[in-house]
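One chain comes next, on its own, written as structure tokens: the form predicted alone.
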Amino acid sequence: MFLDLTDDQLALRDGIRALLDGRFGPDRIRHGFDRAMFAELADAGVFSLIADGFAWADAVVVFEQLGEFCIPGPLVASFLAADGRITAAIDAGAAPVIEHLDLLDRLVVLDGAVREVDLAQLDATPLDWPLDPLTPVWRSAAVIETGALPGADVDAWQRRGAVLTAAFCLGMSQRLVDTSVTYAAERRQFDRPIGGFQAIKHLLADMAVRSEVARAAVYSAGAHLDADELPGLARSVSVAKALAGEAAIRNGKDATQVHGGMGFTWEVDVHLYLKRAWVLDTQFGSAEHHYDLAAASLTSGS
């Protein structure tokens, strides 16, 4: 399997990066998700990649860049819905937590099928202190489903959602590496950059290795989505989601440590990446869940 990016994918990566760098800087990101942000991403073709003839491996490249910039919003579900509407997805549960409810056009439940929820009958309460300050959430006692979404395959949603979420986490983990390396080279202690101290070197090396291992897994999963004849699709998806999610969380913790006292402050973006990583670990299956699936696939041969 060839996992290096093609020239077209490199051009796609550079194009989406230029867009995000120009329009979605830290100040705008900190204002959170809104319809204007969704419209700009939609106009750029972010949510219509597959309809426009791109492959799932290309979508992985795009979502990796979205993760690097920590773009807020229910991006993955809106991509999977592919109808130009802001969509969020939740797993079936007794008391579901719903993100960005005030902006949603559609909410679906992944419950044996992709079932649409009647937003007009949803009784939900906003939480005062969401884990991720850029992901406001509401808790609902119950949801009223209106039937399965036509043409939607729940297994495909789960697989594709897990891979795109993994790609987003990969982007976050890499940005945390880059930010930490830059800070370690600039921050001086005892008349030398802190990056020269062995303890910091070890942290940075571990962060870089996690990102590279996760990148191989995520790119492989994207290739598996595009090639049905490749064996091990389910295992590839689970390994990608587990490794990328874990890389984002652990790199967020290590980046906080590299930044020292500054890492815990509101002004430094590190905490936004770590909190988003914690949130994304709950979507389309946690790392623990996917590690279990990957282990089970080794005995079943799937």
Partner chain sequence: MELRYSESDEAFRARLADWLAAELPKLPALPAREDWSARRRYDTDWQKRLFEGGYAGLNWPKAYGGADASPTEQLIFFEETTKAKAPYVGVNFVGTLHAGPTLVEEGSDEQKAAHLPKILAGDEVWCQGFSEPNAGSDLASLRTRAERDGDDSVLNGQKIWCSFGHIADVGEFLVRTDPDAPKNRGISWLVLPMDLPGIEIRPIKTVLGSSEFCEVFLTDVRVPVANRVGAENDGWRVTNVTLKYERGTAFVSELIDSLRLCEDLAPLVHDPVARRELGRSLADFEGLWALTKRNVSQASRGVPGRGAMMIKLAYSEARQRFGELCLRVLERDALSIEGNELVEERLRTLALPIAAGASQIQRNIISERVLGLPREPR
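Note that the structure is predicted; figures quoted are calculated from it, not measured. Positions refer to the first chain, counted from 1.
Omitted here: the form predicted together with the partner chain. The next part is about that form.
> With the partner chain left out of view, choose which of Arg175, Arg160, His100, Arg215 has a non-hydrogen atom within 4.5 angstroms of it in the predicted complex.
None of the other options qualify; the answer is Arg215.
> Only one of Leu204, Leu134, Val154, Leu104 has a non-hydrogen atom within 4.5 angstroms of the partner chain in the predicted complex; which is it?
That would be Leu204.
> Thinking of the partner chain in the predicted complex, which stretch from 136-144, 108-116, 72-80, 175-183 has heavy atoms inside 4.5 Å of it?
Checking each option against the 4.5 Å cut-off leaves 175-183.
> Is there a heavy atom of Val237 no more than 4.5 Å from a heavy atom of the partner chain in the predicted complex?
Contact with the partner chain, no.
> At the 4.5 Å heavy atom threshold, is Ala92 in contact with the partner chain in the predicted complex?
No.
> Is Ala294 a contact residue for the partner chain in the predicted complex, using a 4.5 Å heavy atom cut-off?
Taking the distances in the predicted complex, the answer for Ala294 is yes, it comes within 4.5 Å of the partner chain.
> How about Ala277 - does it come within 4.5 Å of the partner chain in the predicted complex, if we only consider non-hydrogen atoms?
Output for Ala277 is no: heavy atoms all beyond 4.5 Å of the partner chain.
> May I ask whether Gln9, Ala57 and Gly196 each come within 4.5 Å of the partner chain in the predicted complex, counting any non-hydrogen atom?
Yes, because Gln9, Ala57 and Gly196 each have a heavy atom that approaches the partner chain to within 4.5 Å in the predicted complex.
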